[in-house]
Structures are given as C-alpha cells and as structure tokens.
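Next up: a single chain in structure tokens, the form predicted alone.
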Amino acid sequence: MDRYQLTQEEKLRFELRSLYRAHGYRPFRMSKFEKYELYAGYKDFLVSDRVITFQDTNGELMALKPDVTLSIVKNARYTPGEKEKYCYHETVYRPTGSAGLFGEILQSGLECIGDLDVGDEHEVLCLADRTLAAISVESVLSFSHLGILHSLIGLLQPESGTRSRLLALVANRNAHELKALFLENGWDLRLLEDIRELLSLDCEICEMESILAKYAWVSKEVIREFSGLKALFGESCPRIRFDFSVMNDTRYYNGIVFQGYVRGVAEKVLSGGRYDALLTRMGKQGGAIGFALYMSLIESFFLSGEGEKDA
C-alpha cells in the first residue's frame, strides 16, 4: 500500500504553523460567511469593494469573506499591557486577475494586536523573513515606513487629488513626473532631491537610523523606531531591504510596511505592515501589525518546479 506523500505546499503549511505557534500565535478559525455590515462599513480597507453577498434564511444580508484581518480585529479584546496573537490559513473570495472575476484565494498569515512595541515589530518582520526563507533561499523582504511619507506630506500640504498623485508617482518611481508635480505646485526642489535619494536606496534595516537622521523633515519618532529595530536586529539582516516605493494602502497602514518576493514569481507573495488606523476606525484601542502570504501564488511556484531548486 502506497504511503501518502505530502506536497511541498502542505509541508510549507505545517512548517509555518509550527513556526508561528512557537512564537505564541494561536490558530484563528472563521466561517466562510460574515455579516455584510462588517465589510460595508470598512470597504476602503479591502483590496476590492466588490463583495459576494446573499440573503440568509432569516433575511439578514451575508457575505462570502473577502478578508480575514477585519474578522480578527472585530473579535480582538483590548487589555492594557497585553497583546493577542493569531495565525490563520483561510480562503477569501475576491476579484482576481485582469478580468476582475471572483476567485478563491488561499492565504496564510498572522496578526499581533494590543499594546505593541518595537519588539513586536521586530518579531513580525523576522517571522515574515523566515516565512519567505521557508519557500526559497532566493527571497527578499522589501520594507518602508509610511511615517516618512507622512512627514513629507505634512511639509508639502497637498490637496487631496495632488496627494494621491504624489503617492502614485513615488510608488511607481516616476522621477520625471515627480519633478513636474513639484514645479507645478511650487514646492522646494531640495525635497524632490531627498525623495529621489530615498528611491535610489537599497540598504538594510539596521542602516536606516543614520540615513534618515540626515533629513531634518523626517519625524524623530520614526528615527527612534528604527533605532530600536537596529538594536534588536543587530548588525546585519541582508534579506530585509529598504524600498521607499513600498507603501501598500495608505488608508489601511500607518507605520512600517513590507512586501515579500521570491525569485521566479513576478508578483509579491507576501504583504503586511502596521495598521493601527483600522483599530481606531473600529473604535478599538491599541496597535496592530501582521502579514498575509498568498498561498495560491506559492502553489504555482512549486508546480513550476522553482521550489525544488531550493530543496
């Protein structure tokens, strides 16, 4: 009788579950359905505002879950001095691909919620890095900090439409259009040079304190945060690299943000960051940080044979 052989994806899932549990993350389980009102009130926090809905037998409007984080935050209970840690392996339902058709997206991830400090950020960044390393030795975790952008926007004071344009140009590394935008608004071109310099940087997280200290306009709080991270990481963390164009959704995240990549996959396979703004919107205290790993992309990576090269 043949023995069942675990697939690479199944092995990865077990490895990650053990890794997360070893750091105190408890499994979070949710049903396929949630009350639609949860998503209706926080559509700007979703990847897409399109949600599959149906009417329950009692007449209540329900939705196939498009997101896991909202459910975790909804159920989180704040206790001063404490934090709640959850990990998950769930399927969400949202539009995918260029056609925008609904599909099932398998995700694994974790969330840390409560009275957070720089130690929690260090732990989540390390777990994101180790998650990528479990997939491939040829991986990188690109990070930035939205506090840098917020400091910049505080100086420039752009109107809403101009702000969106500025963020898009930074995300796309469009130096030519950035210069046009600065000239159009009469902004100090020395700040433009700072942006260009930041966009050209490729450095480790341990170098960020000294680099950001050169810019008088960057928040001292952000610099202190990187000082704390440097003390925890030590002198070297080569797979965690600064990329100023990483910003994820600025309505959702408010601090450190990051994206994970593995060689052989054109898209990001992991995304996360600090999202205290969501807790504030939901009337909750504390902070939150976490990430999601897109298992559907990882499955394709393994099926392509790329994953076997790292074995």
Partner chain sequence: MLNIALPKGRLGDRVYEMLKAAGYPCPALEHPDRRLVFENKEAGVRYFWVKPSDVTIYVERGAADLGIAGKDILLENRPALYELLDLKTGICRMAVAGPPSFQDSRDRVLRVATKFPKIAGDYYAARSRNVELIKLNGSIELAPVLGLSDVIVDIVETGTTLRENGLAVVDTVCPISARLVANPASYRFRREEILKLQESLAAQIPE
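None of the values given here were measured: they were computed from a predicted structure. Positions refer to the first chain, counted from 1.
One more form of this protein should be noted, the form predicted in complex with its partner chain, which is absent from this view; the next part is about it.
Trainee: Among 26-34, 64-72, 265-273, 46-54, mark the stretch whose residues have heavy atoms within 4.5 Å of its partner chain in the model of the complex.
Mentor: The contacting stretch here is 265-273.
Trainee: Looking at 115, 177, 188, 193, which has any heavy atom no more than 4.5 Å from its partner chain in the model of the complex?
Mentor: Selected residue: 177.
Trainee: Please identify the residue among 91, 227, 162, 139 with any heavy atom within 4.5 Å of its partner chain in the model of the complex.
Mentor: Going through each option in turn, the one that passes is 139.
Trainee: Could you confirm whether residue 173 comes within 4.5 Å of its partner chain in the model of the complex, counting heavy atoms only?
Mentor: Yes.
Trainee: Even though its partner chain is not shown here, does residue 213 get within 4.5 Å of it in the model of the complex, heavy atoms only?
Mentor: Close contact is absent here: in the model of the complex, residue 213 is far from its partner chain, nothing within 4.5 Å, heavy atoms only.
Trainee: Examine residue 236 and determine whether its closest non-hydrogen atom to its partner chain in the model of the complex is within 4.5 angstroms.
Mentor: Outside the cut-off, so no.
Trainee: Answer with yes or no whether residue 104 is in contact with its partner chain in the model of the complex, where contact means some heavy atom within 4.5 Å.
Mentor: Answer no; every heavy atom of residue 104 is more than 4.5 Å from its partner chain in the model of the complex.
Trainee: Is any part of 220-247 within 4.5 angstroms of its partner chain in the model of the complex by a non-hydrogen atom, and which residues would that be?
Mentor: Heavy-atom contacts within 4.5 Å come from 243, 245, 246.
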